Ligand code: GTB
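Shown next as structure tokens: one chain only, the form predicted alone.
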């Protein structure tokens, strides 16, 4: 049975790879698993059929036979645990790779999302201008720690893993802010992730959904 994921029928980012289904697409490409995509309109995300798959009415979801998953971390970890290519065979290295996956979601992504909210959702508030530098500094503090740990290494811990896949996906959200470019080794790290053939295929698939449709 073919794996099926859900994705926006028109992504808020216009196909720039920031929608979370790109993370799942990338993981599926890395482990060489075919998949189908069911596109979900915004209004349908809050309807009972989709809420049965994702209780918070978001995307992506993952279906494989009787198994239904939501949350990108859970989906990527499931794929990495069941197919070779995203986790080391050595149990100790495997544990470290999983730690990095969770670090990306629990430690690095929250201040980045806070920055996005400050710039997009809170910019009209009277306190927005005073708060923004504080939020930006929290992002820089986390990136400084991450950059120090990465150093001159190619990946976070040995070879490319699910931890790198998630970390690169999270850091990509900073590109438009310019903050990522302040950390040369992190910018190069993200570029290495984007250069992977599996990422290129995932990005192209997500972009294709969002390209303007030809008339007729």
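Numbering follows the first chain given and starts at 1. Note that the coordinates shown come from a computational prediction; the quantities given were computed from them, not determined experimentally.
Keep in mind that the form predicted in complex with this ligand is missing from the display, and what follows is about it.
Participant: For a quick test of understanding: in the predicted complex, does each of 12, 42 and 58 have a heavy atom within 4.5 Å of this ligand?
Facilitator: Each of the three qualifies.
Participant: Can you tell me if residue 20 lies within 4.5 angstroms of this ligand in the predicted complex, counting non-hydrogen atoms only?
Facilitator: Yes, residue 20 is a contact residue.
Participant: Does at least one non-hydrogen atom of residue 114 fall within 4.5 angstroms of this ligand in the predicted complex?
Facilitator: No, residue 114 is distant from the partner.
Participant: Examine residue 38 and determine whether its closest non-hydrogen atom to this ligand in the predicted complex is within 4.5 angstroms.
Facilitator: Residue 38: no contact with this ligand in the predicted complex.
Participant: Would residue 173 sit within 4.5 Å of this ligand in the predicted complex, counting heavy atoms only?
Facilitator: Yes.
Participant: Specify the contacting stretch among 27-35, 146-154, 44-52, 179-187, defined as having any heavy atom within 4.5 Å of this ligand in the predicted complex.
Facilitator: Heavy-atom contact with the partner occurs in 44-52.
Participant: Since the partner is left out here, which residues of 61-96 would have a heavy atom within 4.5 Å of this ligand in the predicted complex?
Facilitator: Going through 61-96 in order - heavy atoms within 4.5 Å of this ligand in the predicted complex - the hits are 71, 72.
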